[in-house]
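First, one chain by itself: the form predicted on its own, in structure tokens.
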Amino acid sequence: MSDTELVSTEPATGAFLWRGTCGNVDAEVARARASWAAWAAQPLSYRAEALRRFSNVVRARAEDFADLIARETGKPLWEARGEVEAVMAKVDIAISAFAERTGQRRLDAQMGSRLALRHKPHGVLAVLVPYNLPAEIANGHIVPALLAGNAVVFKPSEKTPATGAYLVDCYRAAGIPEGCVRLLIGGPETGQALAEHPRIDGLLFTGSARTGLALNRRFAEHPEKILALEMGGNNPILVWDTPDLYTAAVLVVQSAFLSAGQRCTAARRLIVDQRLADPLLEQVNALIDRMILDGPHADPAPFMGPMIDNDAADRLTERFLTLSGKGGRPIRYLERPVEGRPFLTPALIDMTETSERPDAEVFGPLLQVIRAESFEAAVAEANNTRYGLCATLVSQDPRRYDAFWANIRAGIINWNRPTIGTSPKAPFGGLGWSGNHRPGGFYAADHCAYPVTSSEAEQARASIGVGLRDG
């Protein structure tokens, strides 16, 4: 990447994929600022119909779009196809959410007047997203924002700019005004400049806790701007009271290693009844032994592909060594099967005897194992984190789940389901370092428009009955 140009390559092969010119933050914000009022003035039905056309454009281009996502992220083609399906499905879900969360209301009031509740768009919203679900996450912010009447300046991750550019082209092919969805290509410094720009009215962010915390501090000086943070997680999957260890192992592997562990909802910690630990880990290891690790278009289809780039793979390798140095006992080592490429085999490390377990999001196929002597100790360990995105319990006992649900601190709490794969028909967000209580998903409508309450009467009627001298 240069100061003026951004190049994207395929993680699996290193092949050139895309080249684009870096944008100008001031120019993109100004273009959006000039366009948003006309878009906001259109009826909701007009904006909804435009977004339905966008969904149809994506449907017509679905295979090409999935192919691009797979090449740029390295994820298997089957997984990229699922991401494209999620992009299409988001439109109808957002329309339903807008009606439910931010629809108009009219109530009777005193003296024949009425009380009206309506919602207005903020104006120009910046959108910053990561590389792991580069179309789905971006679209999850952009569609609700556009539907509410905002204009958007969208900066994709510098690691997946081609996917971001393709997504924006789909909006424009559907007839959404160019000024209402601006594409800003650039590196981290461009994202920082966009977030700090004085003429944006808010920021919708998905990314790391470190960046999110810095944004939260900066926006504390700007209460006039909306800030929605979706950050990472140090997510636990707790296995207790289950005779079906194979199914438990499947849930663990899906939670920890899908997308090469590059999901904010991925399980980072396996907390398990110490009596079940060894037989469960035997089943997990057996599944990993069968796991296909390959490029996105390989046949047979892989379970997972490479990490996004060699820097990410190197950082994860260093994290594994750090955990080992702190007393972790490796059960299964990280390996680099393809020289020069960021393929990593899944790793397991037992952190039970480690007195100080780092509380950090480990973004990749690395799962820490902690053996617990009691269910209460297991739940306490699950809560031993500043994050609070998601948590899963694998157990046959409903009473265990009731206790787990009541005591765990997370925005997403699952029972006998993976930590990943939350429904777009539900809110998505977490506590602590995982978010700032502005969940996305179905609740994204809440932070894309603000409520306006109006007391209204068609004729002015007023009198003062107390406190006046006779006239």
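Numbers for residues come from their place in the sequence shown, where the first is 1. In this text, all values refer to a predicted model and were calculated from it rather than measured experimentally.
The discussion below concerns the form predicted together with nicotinamide-adenine-dinucleotide, not included here.
- For the options Q368, N150, N132, N139, the one in contact with nicotinamide-adenine-dinucleotide in the predicted complex, meaning a heavy atom within 4.5 Å, is N132.
- Residue T206 is the only one of T206, T392, T385, S255 with a heavy atom lying within 4.5 Å of nicotinamide-adenine-dinucleotide in the predicted complex.
- Looking at nicotinamide-adenine-dinucleotide in the predicted complex, residues L215, E361 and F428 each place a heavy atom within 4.5 Å of it.
- Contact check for K90: every heavy atom lies farther than 4.5 Å from nicotinamide-adenine-dinucleotide in the predicted complex.
- Contact annotation: P156 falls within 4.5 Å of nicotinamide-adenine-dinucleotide in the predicted complex, judged by heavy atom distances.
- Using a 4.5 Å cutoff between non-hydrogen atoms, E230 counts as a contact of nicotinamide-adenine-dinucleotide in the predicted complex.
- In the predicted complex, at least one heavy atom of Q192 sits within 4.5 Å of nicotinamide-adenine-dinucleotide.
- Of the candidate stretches 122-130, 316-324, 377-385, 276-284, only 122-130 has residues whose heavy atoms lie within 4.5 Å of nicotinamide-adenine-dinucleotide in the predicted complex.
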